[in-house]
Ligand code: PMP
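Let's start with one chain on its own, the form predicted alone, as structure tokens.
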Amino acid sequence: MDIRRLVRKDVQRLRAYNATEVPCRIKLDANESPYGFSAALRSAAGISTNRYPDPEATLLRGILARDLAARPENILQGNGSDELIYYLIATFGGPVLFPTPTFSMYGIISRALGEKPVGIPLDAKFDLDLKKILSAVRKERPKLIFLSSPNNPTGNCFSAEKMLKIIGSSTGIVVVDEAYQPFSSRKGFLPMLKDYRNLVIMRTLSKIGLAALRIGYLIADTEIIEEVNKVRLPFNVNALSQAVAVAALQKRGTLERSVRSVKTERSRMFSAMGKIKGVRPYPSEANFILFQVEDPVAVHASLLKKGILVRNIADVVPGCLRVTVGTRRENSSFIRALVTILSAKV
């Protein structure tokens, strides 16, 4: 029996997302926070494992609503942002438009659901090419537009003026993915929700130390939330994740200190990397730094030999690697290794 013949053609053409675990001493490849919240795990001790979780994640949505000055009915929980992207595309369909390079799951999930992905290259400064995007909006009439700001893997925020023009020009839904917003100097697009009914804000707890929980959430007009909720799977956020997330979010001061530490280290790393001959770091508003080297494959392999894992993204941004901001000790080890590797190549 040829199983592949039974698989939809668009799925046959897909490649699985590469999330392979690579043994290393210092892991700086996945944009995770170097700080966890193990104390919050105690909150899961009283969970009844034989019972389904709260299907509406009432406590979690309540605390998120408080922090965002929003209403719980304007928030929808997901098993990570990936699941919410899936729900959005399942709800509204395509075409699905996004700039490139950006988070790969926009395109992967679009294809998995049989919808047309429309990627529009960023300009030379990694900003939105407004002319090309607006032209594609008129031609393709996308049901969904995803704008990740700060953007992964480039690390920069897009022009707010350009983003507002895209939101105002679109007859579909515009999703501003603010996964990295806690590390940005900008306030984000939450205040714009009252002015644009087609605007959706997507956020996650993964980048601030709670990646293991897989919790993302949408903030949007009630009507949008109600429609997307129709395709949400029952009990999609498990009870353990809900309990730990609520406990961690109640320690807002601890979360904010960890974010400040990452921002301080990001600045230190950027300065140090800029002084290394053969390295061009790009300014970042996220918890990682994109940097260019002459031979990214060789540098990536040399770092790994020293036990330091970064992300090789030369296939999407030519000549570039991406390093996550870790602890001060981890970052110093990375800088020293980079200096040694590039000095040996001179």
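Numbers follow the displayed sequence, beginning with 1. None of the values given here were measured: they were computed from a predicted structure.
Beyond the structure shown, there is the form predicted together with the named molecule, which is absent from this document and is the topic of what follows.
S.K.: Using a 4.5 Å heavy atom cut-off, which of 263-271, 193-201, 176-184, 220-228 contacts the named molecule in the predicted bound form?
M.R.: Stretch with heavy atoms near the partner: 176-184.
S.K.: Can you pick the one in 95, 80, 172, 72 that has a heavy atom within 4.5 Å of the named molecule in the predicted bound form?
M.R.: In short, 80.
S.K.: Only one of 214, 111, 232, 143 comes within 4.5 Å of the named molecule in the predicted bound form by heavy atoms, so just point that one out.
M.R.: After the contact test, the surviving option is 214.
S.K.: According to a 4.5 angstroms non-hydrogen atom cut-off, is residue 103 in contact with the named molecule in the predicted bound form?
M.R.: Taking the distances in the predicted bound form, the answer for residue 103 is yes, it comes within 4.5 Å of the named molecule.
S.K.: Residue-level question: is residue 148 within 4.5 Å of the named molecule in the predicted bound form, judged on heavy atoms?
M.R.: Heavy-atom contact with the named molecule at 4.5 Å: present for residue 148.
S.K.: With a 4.5 Å heavy atom cut-off, would you call residue 206 a contact of the named molecule in the predicted bound form?
M.R.: Contact check for residue 206: yes, within 4.5 Å of the named molecule in the predicted bound form.
S.K.: Is there any non-hydrogen atom of residue 152 lying within 4.5 Å of the named molecule in the predicted bound form?
M.R.: Residue-level check for residue 152: yes, a contact with the named molecule.
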